[in-house]
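The chain below stands alone, shown as structure tokens; this is the form predicted alone.
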Amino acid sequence: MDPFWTQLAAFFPPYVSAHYLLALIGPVAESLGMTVGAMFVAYLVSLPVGLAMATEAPGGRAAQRFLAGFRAIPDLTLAIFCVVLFGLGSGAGMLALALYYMGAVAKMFGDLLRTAPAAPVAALRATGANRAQIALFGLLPLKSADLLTYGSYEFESAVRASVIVGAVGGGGLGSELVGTLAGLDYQRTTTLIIILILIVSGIDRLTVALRRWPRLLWLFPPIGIAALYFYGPHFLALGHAARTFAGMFPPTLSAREWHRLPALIGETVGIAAAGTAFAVVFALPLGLASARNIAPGWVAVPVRRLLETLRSIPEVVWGLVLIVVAGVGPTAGALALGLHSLGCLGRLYAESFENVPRAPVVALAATGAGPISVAGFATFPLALGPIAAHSLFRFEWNLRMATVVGLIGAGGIGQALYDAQQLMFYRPMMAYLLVTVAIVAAADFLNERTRAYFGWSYLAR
């Protein structure tokens, strides 16, 4: 048998026993608990920051840029810092997720709010409404569906990220998954992946219910507060943390490391670009095929299940599986990012198509246009703003994740960061981390300029 299929066959059949499944209840609850607590904090901070950014309120841009510093740090690296501060367990994992997603959600909420239709916002401003009134009575009602779509998507992403932070001592399902991979117990790995898929599928069902009955969102604050109490950080080692962080400065690289740096950066950007391009190309048709207002149910439902499966598996896990079956290298990293991003963008594209105003779509259909014409000349153009925002942000996301998959042997600057971290060369590690932040900041600047050029924001008009 071909080595590829031999390695792949090692993951099947999944290991299933009543005792093993019962033992996983605790880790699953811990992962969900740290996710709920972290996202409660992230939403609480991100919504006002996003509104301030969209209305150009004083301090809004500064707050967004401050939070952007956290999302520029790979979540795996951020989790390591939090473990240094708070010790092993769900508290460190929750803090890492909260910091990371405050930056991600605030940025995207601001971008989505700025894609609000210009005319209603201008009409509200013409009445003399102030920024707060424009935010509460203009932007929020106009973009609530997109905010709910992205907010629920990020919650789903945080569930997957809880697996990643668990890899470095953050607790939960991630610790179990890393243990099975380290022990070459691939059948249990498959069982854990199936559990992740089921969790994400359940979140997708919950999202549908929330969009139908938005008042269910009022249940989230008390659940979030409870999660903070039971799974939040309870240990602080400031002295040890201060000594460790002091050892990371000043960031330095040797002459040999400086010489290798351009190639590492190019490889990292190439992995992210290839993975994103792969995802966008396939996500557009799959997004149309899974949009409930375009495709019939017998097509939309199985396509949505496929997208759920692809995005339920974290990029790192995709990378580990691909490296096991296909070998190390940037190709495995690009495919890992591409497969995961395809599941994410497919869902976001589909819900962007579903969120378009119905009036223009109905008007075009009333002229006798067929479903393909309606989708091509009404649904797709109306959804272009959110689709562009999601695609550009996904490229930024993949730049960060390219460093993370590099940690497992996919190449790029992530491999160098991981090597320095494992050898406790903290000054080179900090230097590589700052380079990563600079790469993400450059992508963020390109994102802003692109959006302004094409006018994907009422402020840019």
Partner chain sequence: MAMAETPALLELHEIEVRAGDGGAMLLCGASLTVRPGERVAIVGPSGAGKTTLFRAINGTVPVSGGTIRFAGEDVTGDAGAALRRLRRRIAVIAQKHDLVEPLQVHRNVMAGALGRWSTGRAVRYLAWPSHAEFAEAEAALAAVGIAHKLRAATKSLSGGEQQRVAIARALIQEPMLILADEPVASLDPRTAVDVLTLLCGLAEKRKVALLCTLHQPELAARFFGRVVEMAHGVATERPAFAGGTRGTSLLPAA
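Just so it is clear, the structure is predicted and the values come from calculations on it, not from any experiment. Residue numbers count along the first chain shown, from 1.
Absent from the display: the form predicted together with the partner chain. The rest refers to it.
Options 117-125, 100-108, 278-286, 380-388; stretch whose heavy atom lies within 4.5 Å of the partner chain in the predicted complex: In the other structure, the partner sits against 380-388.
Can you pick the one in 371, 302, 270, 251 that has a heavy atom within 4.5 Å of the partner chain in the predicted complex? For this set of options, the contacting one is 371.
With the partner chain left out of view, choose which of 261, 365, 194, 206 has a non-hydrogen atom within 4.5 angstroms of it in the predicted complex.
Partner contact (heavy atom, 4.5 Å) among the options: 365.
Does at least one non-hydrogen atom of residue 360 fall within 4.5 angstroms of the partner chain in the predicted complex?
-> The answer is yes: residue 360 has a heavy atom within 4.5 Å of the partner chain.
(request) Determine whether any heavy atom of residue 266 comes within 4.5 Å of a heavy atom of the partner chain in the predicted complex, and answer yes or no. (result) No - in the predicted complex, heavy atoms of residue 266 and the partner chain never come within 4.5 Å of each other.
Task: Exercise: residue 376 in contact with the partner chain in the predicted complex, heavy atom 4.5 Å - done: Flag for residue 376 set to yes.
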